[in-house]
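What follows is a pair of forms of the same protein chain, given separately as structure tokens and numbered structure 1 and structure 2.
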Structure 1
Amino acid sequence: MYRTKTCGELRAANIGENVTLAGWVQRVRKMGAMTFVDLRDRYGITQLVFDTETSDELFEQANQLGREYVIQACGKVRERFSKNNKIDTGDIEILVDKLTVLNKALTPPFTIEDNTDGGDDLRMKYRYLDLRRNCVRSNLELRHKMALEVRKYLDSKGFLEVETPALIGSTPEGARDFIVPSRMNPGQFYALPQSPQTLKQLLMVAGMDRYFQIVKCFRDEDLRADRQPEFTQIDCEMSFVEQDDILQTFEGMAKYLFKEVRGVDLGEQPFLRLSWHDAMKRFGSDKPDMRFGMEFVELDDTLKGTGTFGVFNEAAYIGGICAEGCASYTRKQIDELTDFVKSPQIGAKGLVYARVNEDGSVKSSVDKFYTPEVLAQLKEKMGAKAGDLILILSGDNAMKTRKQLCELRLLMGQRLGLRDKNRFALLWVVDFPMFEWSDEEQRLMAMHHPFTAPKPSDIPLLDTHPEQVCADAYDMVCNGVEVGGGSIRIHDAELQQKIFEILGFTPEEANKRFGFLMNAFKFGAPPHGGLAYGLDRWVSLFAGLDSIRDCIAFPKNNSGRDVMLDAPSIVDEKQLDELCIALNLPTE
């Protein structure tokens, strides 16, 4: 056999044993008549010792080893003279009496260390080498454990794991589909699923009652740190449930995962529930980071019309946040904040600030426009005290300005050390708007998807004021990241048809796209609802990562490319001919 032990399991209790190890050469240290080799596998590192007293030939062989050579070493476990308490095997070493080189290796393009000298692009090109690093491998081990615990929890709650197809029909709502041409049906296409949404609803019609699947999903959308063109969902659905049933079940799962995987006890108290409207008003986001306060304070009644500052007097919205203890910020620091909010990514026109001095007086960038009495009212309204800094944004669109203020709040939270990755604040955001207006489409669009049920009390508004209807939908948010979301589904064919009409589908279009679902409803669909967690996001949160790429074995870059496989790529003309596809590429 290639090995009798792994490189991470030998301890002082094994001293005197003859063992065989196999792995990769981490480093070679030549010290006169002795050579030390650190041998690494997935399980750890063990020090190998070669000396001239054992064998000159073996000693010379060891000195020819290079980094990442794959070797097999046989020898006796002995106590290590200079112990290393940084590794689990640091009390022992192997005095080697036989060495076999299983495979030589080129010098890797970057060091296989936790603190590597390789940049992102280089590491992604050689991802199979990057995965040898402890910090990257541990993310995949965490992912494995999380998936395992998800299955254990859901199985204990009576859920049945069912696989759904990866080749389905295209859907018109949501992000763009990845489409797959069908050779056997020329001119027709499959789509890769953005979600198994309609399929899991059909499983409820089929009487499966409780379904889950850890499933790959695909969306052709612009990428960010928390998005990939292909991602993994923990997809779940339940029959004969209301919103509270689902929230309690998956709140329980979140607490279970935190305790079993992360070792964090979230307690018995239910998670905070915040309506979408409150979240937007207080934090400017439907996924607020609740690890810190710094809530928005609306200042229209304090600053609008009470002075001669035209920007405020003409604004549709004025809002501020209070940064505790930041009155000492220098002009340079204030300018940095101003440049941040005025950047193209944020889009504010400017920033107003007010310092609360130690004597309680207020010094503001708009002093000349307001009396000391108005500035004192500003301090009181903000709840500011001596040493605090008030930051104010205004604009002609309340929603847009709140989102800008949200970005400023997050930046200040980061600067003040309030966004500790080892603290976790979870909440449910509920009662989302059912629809949102699309300027591009010039029609109402489903904020979640067209199968989301309206709140029962809002159903009469569908005929008169659909824009006011709230959805029976919910998102779970952790540390400012949406980790999952779902809704109670429509299970009545007539109500589903009405939603399609509001979304602009003719009966013929709706039947063509979703006739299979509406027909299924006619055969007795139970009330049902569900939720999907983003497994990649959960793992990145648990691991304290800034990007989900680091917990995916082979991720794409920000352009949606796999630089290791050089995909996507041009396909052979013969393949296109078989698929009856002609390319019409844009000209430069």
Structure 2
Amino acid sequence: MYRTKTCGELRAANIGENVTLAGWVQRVRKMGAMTFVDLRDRYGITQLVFDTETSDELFEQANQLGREYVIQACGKVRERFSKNNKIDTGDIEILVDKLTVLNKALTPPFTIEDNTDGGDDLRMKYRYLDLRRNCVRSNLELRHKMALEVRKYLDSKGFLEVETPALIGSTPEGARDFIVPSRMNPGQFYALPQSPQTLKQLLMVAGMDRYFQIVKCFRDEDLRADRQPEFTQIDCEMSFVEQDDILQTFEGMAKYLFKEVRGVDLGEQPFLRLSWHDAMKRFGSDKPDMRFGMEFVELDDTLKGTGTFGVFNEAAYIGGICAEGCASYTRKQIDELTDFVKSPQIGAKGLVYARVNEDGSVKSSVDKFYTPEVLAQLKEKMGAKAGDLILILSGDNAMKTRKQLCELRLLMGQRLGLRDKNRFALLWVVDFPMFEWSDEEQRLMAMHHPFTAPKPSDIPLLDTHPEQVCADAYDMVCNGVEVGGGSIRIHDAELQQKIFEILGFTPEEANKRFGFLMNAFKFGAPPHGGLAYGLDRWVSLFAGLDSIRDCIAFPKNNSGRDVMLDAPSIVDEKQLDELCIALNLPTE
């Protein structure tokens, strides 16, 4: 061992001990006849002292040290003259009597500090240096702890972690598969799993009863800001359960994790459960941020046909939110909000506002179209009080307008400081629709996935009004982020067949893709259901990160590249030949 202690463990009680430390040079400060070196490792920072009194040679050696040199230092622990109460080792320092340079270092291209001067691209290229920063490393420590506690909890509840294969068959439903050519089976391809969904269902058929896995999954999607082509899922499944059993089990897990990993007590009360329909109606989102209220108020009764404002009179939906204490917003601030809702990614036509003055009167951007009585009714309906600002959107598509109003609500929540990263509001959104219509594909698509069970009471509707069928599906939502989701699954081969039909599969297609599952159902499949969490997202939530990238050791950029490894890359012709494939690049 190159050390007897780490850089994080020495305290006043160790004064007088002879120790050996090893680590990286964080900082060198020369003060006349003394040189101070901050030595860093994963566990902390310890101050080393070199003085001319001990050895001129050693002192000179210390003065040659550069940032990020790897050194080993032996010496005696002594009390520090000026203590540093910002670090755990701040009471002591080491008077060094022997120094060994274990490895030199080029000057790093950015500073190894929490507030680094390195931009994103540079940090990713030199990720091994970026990871030396406390703030990045601590995310990985959190991730480790979180995964460990998940395993402890699920093990204690009788779940078995079973590894499912990474090389499976391609079932192009949902996102695109990454595929892997098979050398031993020329012309054939494996696919990397988008999730172990069908395999975990087979484990239920196999009688495993309670399964989980923390597992890499893969989706070949065009990457949005916060997506990675490979991501990690906490994947769970249980047999002989109904929805409520699953919600209780995983509510328990969430509470356990918040307590053990984040030190937050979520209390005894069960999580709020909101139907998808209510969530959309009240917050315009299937993952509402419940850290604050600002619920939607539907204003059709109040503003449609009660004045001469044509936009409202023709709207299919009029909804408002009340921003407390914002009546004082300037024209400029209101304009900003208007620009926001009219931006292409939101897509609203305009924003109507109404200020509630200190005297209780209402001053609105549509004053000329409505009587003061109507505006007073508006105030009352909105529950607005003096000093509040009412913000109203309308549109000819209720669902679209709600989603626009949701974005406005989130923005106002942000502005009003109602989205504190250290507060956590969890809930279940339940009763999702089974299907949603795809304009692109011109057919019904599974809202969750094709293995989701319809609510038993809705099964008769499958034949007549499939679009009205609710699913036994649920999402766990925290602070406006979907952290996990799942469903009760179909365990009956015939019902599964019918769902595939509704989704537009011919029996042959369904059989080709999912025959192994429907066949398995014929040999005694138990009722079962489960859910999956996105580990990356959950860790980033716990860490208070805006992006999942910094809780991943070696993330990829938006083009799916690892810029550190320079992957993907071209491969040898010989490799392609062995795999019986050839490049087929578009000609310019």
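Because the structure is a prediction, the values reported are computed rather than measured. One-based numbering along structure 1's sequence throughout. If you superpose the two forms and keep the largest set of C-alpha atoms that fall within 1.5 Å, you have the rigid core.
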Just flag whichever of structures 1 and 2 is the form predicted in complex with a further copy of the same chain.
2
Rigid core superposed: Q575 CA moves 2 Å or more between structure 1 and structure 2:
yes
